[in-house]
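Next up: just one chain, as structure tokens, the form predicted alone.
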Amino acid sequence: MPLDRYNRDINYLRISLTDACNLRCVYCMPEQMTFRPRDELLSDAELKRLITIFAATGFRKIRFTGGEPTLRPALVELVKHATTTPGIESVGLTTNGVLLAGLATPLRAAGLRSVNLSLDTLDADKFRKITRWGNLPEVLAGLEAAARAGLHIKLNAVVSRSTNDRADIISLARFTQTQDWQVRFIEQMPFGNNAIFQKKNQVDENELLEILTSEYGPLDLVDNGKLDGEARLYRIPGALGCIGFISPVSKPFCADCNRLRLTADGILRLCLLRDNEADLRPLLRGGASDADLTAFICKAVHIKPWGHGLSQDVMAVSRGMSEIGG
């Protein structure tokens, strides 16, 4: 198993399949966004090779992200490769859901078991405003298709002050009363090309918890507050599902971090909120052996930072969220 210098077991790889997206969410990127040319992105063959190497190195969980990963033509093929690679125990997908209606069943057949779907509001007008280009019915159709396909569902909502910070989170949380889903509220993280907007509009976990308690009464803390991945879970009394809070700014969980991120252009991002990176692509395209790549990955794991530096006003500026993969 790959341990970093702080003795954390780094066994989770988030793979960005593209930096491109078919939405332009206001907290993620400017509307006029330039994406990398195709030849700068890792090929399907390169990704398959790396998945196999990461699994042999000791990585056990993979999540495909973007940009928007459903824009990748070979997504189903890549999911199938990951789910059939020895050593990989869990494969997930994070998506905006726009194209999910036509992909949920093929992805489930390829071995996908879980999907995290971004959904910031159930108000169609607000949804259009937040995403700039999005149509809520398309996303809800994707959500329904995922449920029919038997995928385990988590809904991710990024909360922005004065945009979707009260009625919207109350209505999203209501899903958990009748569905065995997680609805997770994500604290905005200031970095990249949108740092000013993100910092200005941040809503922390305590405020969100107060809003939900005022509507649903006291929430039950799940598993004594032990994090499920990065989410602290609560349950509305009697509900089937859970409400999660992902609060990297106000309640950092760096001590429990177990992940690396592989960007679409072959960069290992060692911490989401720091600019520490290790470039795999020159090795990958320069004739490096599997042993060379394994050694490079192990070195990157070893030098992974302890955590972000937001409390010291250290902000990542080299990439935006869509260029990293979340």
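From 1 onward, residues are counted along the sequence shown. Keep in mind the model is a prediction, meaning the values are calculated, not measured.
As for the form predicted together with a small molecule, it is not shown, yet the points below apply to it.
Of the listed positions (Q182, T83, T94, S247), a single one reaches within 4.5 angstroms of the small molecule by any non-hydrogen atom in the predicted complex, namely T94. A heavy atom within 4.5 Å of the small molecule in the predicted complex is found for one listed residue only; from L75, V203, M189, C242, this is M189. Look at 153-161, 101-109, 213-221, 166-174: in the predicted complex, residues with non-hydrogen atoms within 4.5 angstroms of the small molecule sit in 153-161.
Mapping the unseen interface onto this chain, F296 falls outside it, with no heavy atom inside 4.5 Å of the small molecule in the predicted complex. The small molecule is not drawn, but in the predicted complex it has no heavy atom within 4.5 Å of G266. In the predicted complex, at least one heavy atom of C28 sits within 4.5 Å of the small molecule. The small molecule in the predicted complex comes within 4.5 Å of no heavy atom belonging to T121.
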